[in-house]
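As a starting point, one isolated chain is supplied in structure tokens, in the form predicted alone.
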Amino acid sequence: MRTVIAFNTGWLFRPEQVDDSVPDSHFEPVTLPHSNVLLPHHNFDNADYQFISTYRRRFTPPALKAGQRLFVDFEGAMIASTVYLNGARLGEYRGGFTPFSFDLTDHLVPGENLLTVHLDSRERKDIPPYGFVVDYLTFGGIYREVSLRVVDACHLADVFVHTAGVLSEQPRVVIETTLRNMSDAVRDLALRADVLDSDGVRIAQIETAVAAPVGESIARQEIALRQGDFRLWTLDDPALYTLRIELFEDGTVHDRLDTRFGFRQARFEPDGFYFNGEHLPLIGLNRHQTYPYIGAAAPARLQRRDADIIKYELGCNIVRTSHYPQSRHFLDRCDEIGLLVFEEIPGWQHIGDDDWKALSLDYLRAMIVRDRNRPAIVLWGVRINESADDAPFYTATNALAHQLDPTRQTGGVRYIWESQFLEDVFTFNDFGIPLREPNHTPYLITEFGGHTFPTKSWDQEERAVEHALRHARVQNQQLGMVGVSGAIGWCAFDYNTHQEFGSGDRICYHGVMDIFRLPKYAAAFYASQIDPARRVVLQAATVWSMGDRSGGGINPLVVFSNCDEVEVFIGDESVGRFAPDRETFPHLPRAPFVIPMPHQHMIWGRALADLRLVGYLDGQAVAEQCIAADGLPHALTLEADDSELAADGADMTRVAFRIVDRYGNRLPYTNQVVTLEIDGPADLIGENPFALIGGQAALYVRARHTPGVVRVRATTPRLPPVEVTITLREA
């Protein structure tokens, strides 16, 4: 039987290339995922992580039965990995975003073995996405998990499961199982497939006899179902099922694989996107997989939280994994919560030589094979982002995608309007206002905003409000355009980039949230599109001061809310009760409130009273926001996203701190220094003390290997200290 062993602890790391003669004492103990260097969240040189490092792991392999093989499986290491076992070179894998494996069996020795990885994290022009300067950073390290895998010589190499006819009277499950026979003879086997619901109850089964030739072969099975046997995977009820494949020989189970899938239908049509037969306008954001301090080496908890932020905090129904395949943990969570995904191959504006193109095809294959069972994924990106035409290459990428997965359509992200349309969906980055009318259909806007209006959390109010309104205008326009399937804004979170693209501190401030995943006003616009039955949103886009806008005053007052009406009070006096601006934003589900403010309440030199907003649904007050007129720091707040962590040496949670007024509103112009202290079996990851800019920031707490209680305390001058407690449980 297959055995998978987590292989993330016990590693040793040295930030240079050394051979096996260097003693372990010259290495640093690390746990995976691991970044080859911890960096400040800004103002660093990308060369700081570009070096060759050495990872080492001593281990005693599990006992192997006759014919069994032992593999080491890497989920991702940036960017070229040369792997050795006991001094024998197993090979090099070039590529940082896709998984790879090596067979250890023939080089194992009794007792202790030494696995060594020389990891080249330099931006090599022979490896996609490089060859040209790229607008994102590929931080170094073995930044995803590693495992050992024991399998029989004849085993399950892959399972592709998809559904057909889910809206018809003849729904069915189609299964294509790849068998790998590493023995020297044909094997007579049986394949049994079980479809299990979320409670593990079997709803269908099929068993088939197969003869597995030496090498790889594919066995196809099909299970007929009836309507009522299953629930559809929907955005509100993402019902997941498990396909369990068992490989038998002489009545004994030799291998087993479980994979999740869902029953759903997704199609881009000339008049829009249809999901389970119903028209669904798409509103989404792009996501980079990187984080402050740790680069891309984020554990499962942080990856999964990003999906929650994009769906639940920002209200999106689709995310684009720009510009590479992203963590399985992020995609797992998209499957679980009903967040659609457009996933694409690595790259940015550059196409290299034939070897470079061959690698890109390999990455496309690896991405699709890894992720094609996921119900959340509705479109494959088969074109290097914003690259020039290359008909032979992109004919090949489209053909490969359709061969590997005939159930999904393809797109090719471009910014060249007249580029060749070889894919199924014309995916275009439109940074203009107003948007272009589609020149091809199906049509999807895959970027807008971004570099055309970068906005920091501490920018003056006019810019911060305009940033939010630009997102509102584009989403409003696209929702009213015939033939546009949706728009995916650039982007969800600020991110680190090369000096050639970012602001002076090497950050692209293109996000609706900052690099710490903390909101700007634009985030409130997206949140305001959430159904109020799920969450009521009421956010004034102002710091409520006299002199932040040109000419002074607050006119108009912009409020993002999913309420029917908003009443505005200045002090105790009601200014009025207002409706959303549906005239300007007729196509948005919930238009912003653009409220004219009376001049008599905001006059130079006159004291300003507090602002109070009351939101109404069906005539009932359901939400309130107050903003203090004095703008004075009232409190330091400290919040941990999680109250419990696993004591596995890798688990992490974000700890966010803010300086707020007496009603809890962030004060974006505060610049106090915040100092954090930690007590317990965990470490603080980040800049500490932190010179606050924008009124908000975050660090991470990373668990060690010992269970216990962790207390984090934050202090800043003139405000009371605050503390949070986190419990570390046995891993």
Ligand code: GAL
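All of these numbers come straight from a predicted model, not from anything done at the bench. So that there is no doubt, residue numbering starts at 1 and follows the sequence shown.
The same protein has a further form, the form predicted together with the named molecule, not shown here; the description that follows concerns it.
* Exactly one stretch in 641-649, 399-407, 425-433, 539-547 has heavy atoms within 4.5 Å of the named molecule in the model of the complex; which is it? -> Residues of 425-433 come within 4.5 Å of the partner.
* **Asp306, Glu447, Asp120, Asp661 - the one with a heavy atom within 4.5 Å of the named molecule in the model of the complex** => By the 4.5 Å criterion, the partner-contacting residue is Glu447.
* To do: Only one of Arg517, Arg590, His323, His155 comes within 4.5 Å of the named molecule in the model of the complex by heavy atoms, so just point that one out.
  => Checking each option against the named molecule in the model of the complex, the one that comes within 4.5 Å is His323.
* Asked: Taking heavy atoms only, is Arg383 within 4.5 angstroms of the named molecule in the model of the complex?
  -> Heavy-atom contact with the named molecule at 4.5 Å: absent for Arg383.
* Considering only heavy atoms, tell me if Glu343 and the named molecule come within 4.5 Å of each other in the model of the complex. => Answer no; every heavy atom of Glu343 is more than 4.5 Å from the named molecule in the model of the complex.
* To do: With heavy atoms only and a cut-off of 4.5 Å, decide whether Arg144 touches the named molecule in the model of the complex.
  => Answer no; every heavy atom of Arg144 is more than 4.5 Å from the named molecule in the model of the complex.
* To do: Would you check, heavy atoms only and a 4.5 Å threshold, whether Phe261 touches the named molecule in the model of the complex?
  => Judged by the heavy-atom cut-off of 4.5 Å, Phe261 is well away from the named molecule in the model of the complex.
* Asked: Within 461-499, which residues come within 4.5 Å of the named molecule in the model of the complex, counting heavy atoms only?
  -> Those in contact are Trp490, Tyr495.
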